[in-house]
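Read the single chain below, which is given as structure tokens and is the form predicted alone.
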């Protein structure tokens, strides 16, 4: 049963299926089914009460045939190696789909950041920077924020990295504060990219965004900016959720007011006039566009059987299990895969890296225009592959990505 597959095994199902479909030499799959490098460390941290706690940390380089590895650092309780390997691999494919000169990386710390004081969080972050200083670099591996991390944490990381290396290289970390070389437009980029990909799909599949109903699992950064972009385009955001629960209003929610309510109360629950439901219930709300924008493996086979929408745009990484994909395809539901739909964030992180290296910074309008161009091109490139092999968009996206990575590995002499 695919529900029992680990995230790493789950992504390998798609990779193997695509390699076989394309008739690629066996060496391609053999190389990409193994992370290139993994560094695991234990970080002893003195807590505010004088005690010492040890935190497990990891960083993974999946594949660097196309350039330095790129991917987030997450602070998440229960973080495990298998999931991080899968996330690193998804970054390889995502970067290749949008044609960035990167490979895939990922990593983080097994910790609940909310359980630490700000001082403890800073100590832990600086310890991570010291431990991984030789494993990251502007031409080696470029981290960014992920679940449980933010621009402040990136600032502590980069400050400690500068101290260890003796060099100021802003491009070593992206999604930094603007005052430290961050890029305008980065915060909204992932959610905006979800919208751009959906807009292109809407034209081809005849599902207008204006007047459509949209349901979103999650209400963090990605979900919020996806919601505001759909809302601004005339869609009705009928449901959203967070870890505490979901809310629904058939007449449509105001995304900005929902976020204001969440910031004031700590949850979307209790929003005036909305019906409350479970966090996962928003996945089965009747709608036109469904956006899973929480954690991986949200759409199981059982959930997919209850999904009632026309199109899914994956804001989260790996939200759909392989057997769920089969169900969705049988139901005629179009799925814009994560490795395209949520690539807006890493695309603007790439823009930040480029700006850091040039020492020249773009306007928000320039960033937005470039992001739109990348997302539009990527969607039509993967659609062309899907049409070529007569397969769903997910397989088309993997064909596009794996083909590009395989080409680079051939030129390098790896295969």
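Small disclaimer: the values here were computed from a predicted structure and weren't measured. Positions refer to the first chain, counted from 1.
The form predicted together with ligand GLU exists for this protein as well; it is not shown, and the discussion that follows is about that form.
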Candidate stretches 355 to 363, 64 to 72, 32 to 40, 378 to 386 - the one whose heavy atoms come within 4.5 Å of ligand GLU in the predicted bound form
64 to 72
Which residue among 337, 292, 104, 345 has a heavy atom within 4.5 angstroms of ligand GLU in the predicted bound form?
345
Name the residue from 323, 120, 200, 146 that puts a heavy atom within 4.5 Å of ligand GLU in the predicted bound form.
146
Run the contact test on 11, 304 and 394 with a 4.5 Å heavy atom cut-off to ligand GLU in the predicted bound form and return yes or no.
no
Could you confirm whether residue 194 comes within 4.5 Å of ligand GLU in the predicted bound form, counting heavy atoms only?
no
Can you check whether residue 226 is within 4.5 Å of ligand GLU in the predicted bound form, heavy atom basis?
no
With the cut-off set at 4.5 Å between non-hydrogen atoms, does residue 88 touch ligand GLU in the predicted bound form?
no
In the predicted bound form, does residue 317 come within 4.5 Å of ligand GLU, counting heavy atoms only?
yes
Along 179 to 207, which positions have a non-hydrogen atom within 4.5 Å of ligand GLU in the predicted bound form?
186
